[in-house]
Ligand code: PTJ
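Single chain ahead, written as structure tokens, the form predicted on its own.
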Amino acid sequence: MHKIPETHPRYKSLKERHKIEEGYKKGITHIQGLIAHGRGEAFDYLIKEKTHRFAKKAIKASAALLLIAKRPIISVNGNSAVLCPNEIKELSKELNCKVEVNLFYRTRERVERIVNYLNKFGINALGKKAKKKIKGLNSKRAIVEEDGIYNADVVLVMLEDGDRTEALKKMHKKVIAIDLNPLSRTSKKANITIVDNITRALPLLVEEIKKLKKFKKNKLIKILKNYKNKEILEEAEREIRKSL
């Protein structure tokens, strides 16, 4: 990996970019994933590459929903696998929930590579035995494991396709999205949208889950009742407009 001086003003962002690049060389990320990452970088730049109040409110609501859920699951693609495997492991451990590899550019070999890569970090990911299909979805993201995404009640999605978010909602699942673009279909269709970089959001989500674990269920329900996703997206959009 190219040596990036720590004094560089965008050191963290460039490191993430190189992780995606290295992931592509290993067959974990897809070439389209590089384009998607660049699009996300543009929105991150517009929110000044920091976690805002609107993201923290969404993170709190997400933690409450994941703790209430009976069968929560973390959906992982190539980009998220290389960017934050340790955070995914910690999150799945705190929730005692499953992780499933789900890909738009899906091949059996690529799923196996990502599953094996996650295994190195202590994540026993699903995905290799996916045979069920999400109704109304024509892409290969429709292919899921029955004991994973198919039967989950809450799905945490990162770097997502809007059509799958819609399809999951039609299956009466709650969807939590981490998406830097508050204008995307994913952001608008999800029950909760964290407008933030996944590398910043996931550690904060883990900490919030640890904190809310002490709360009784009625308090967690109250947090969710007071949450309004549309308002969060409007706050994020206002912040972007300020940057412009």
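Predicted model only: the values in this text are computed from it and were never measured. Counting begins at 1, following the sequence as shown.
Keep in mind the form predicted in complex with the named molecule is missing from the figure; the text below concerns it.
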- prompt: If you check in the predicted complex, is Ala190 within 4.5 Å of the named molecule, heavy atoms only?
  reply: no
- prompt: Does His37 reach the named molecule in the predicted complex if we count a contact as any heavy atom within 4.5 Å?
  reply: yes
- prompt: Taking 4.5 angstroms as the cut-off for heavy atoms, does Leu95 touch the named molecule in the predicted complex?
  reply: no
- prompt: Is Gly148 a contact residue for the named molecule in the predicted complex, using a 4.5 Å heavy atom cut-off?
  reply: no
message: Which residue, Ala63, Leu180, Val175, Ala55, is the contact with the named molecule in the predicted complex, using a 4.5 Å heavy atom cutoff?
response: Leu180
field: Selected contact from Leu126, Ile143, Ala167, Leu159, since only one has a non-hydrogen atom within 4.5 angstroms of the named molecule in the predicted complex
entry: Leu159
task: Given that the partner is absent here, state which listed stretch (39-47, 202-210, 215-223, 66-74) has heavy atoms within 4.5 Å of the named molecule in the predicted complex.
output: 39-47
field: Stretch 84-116 - residues with a heavy atom within 4.5 Å of the named molecule in the predicted complex
entry: Asn102, Leu103, Phe104, Tyr105, Arg110
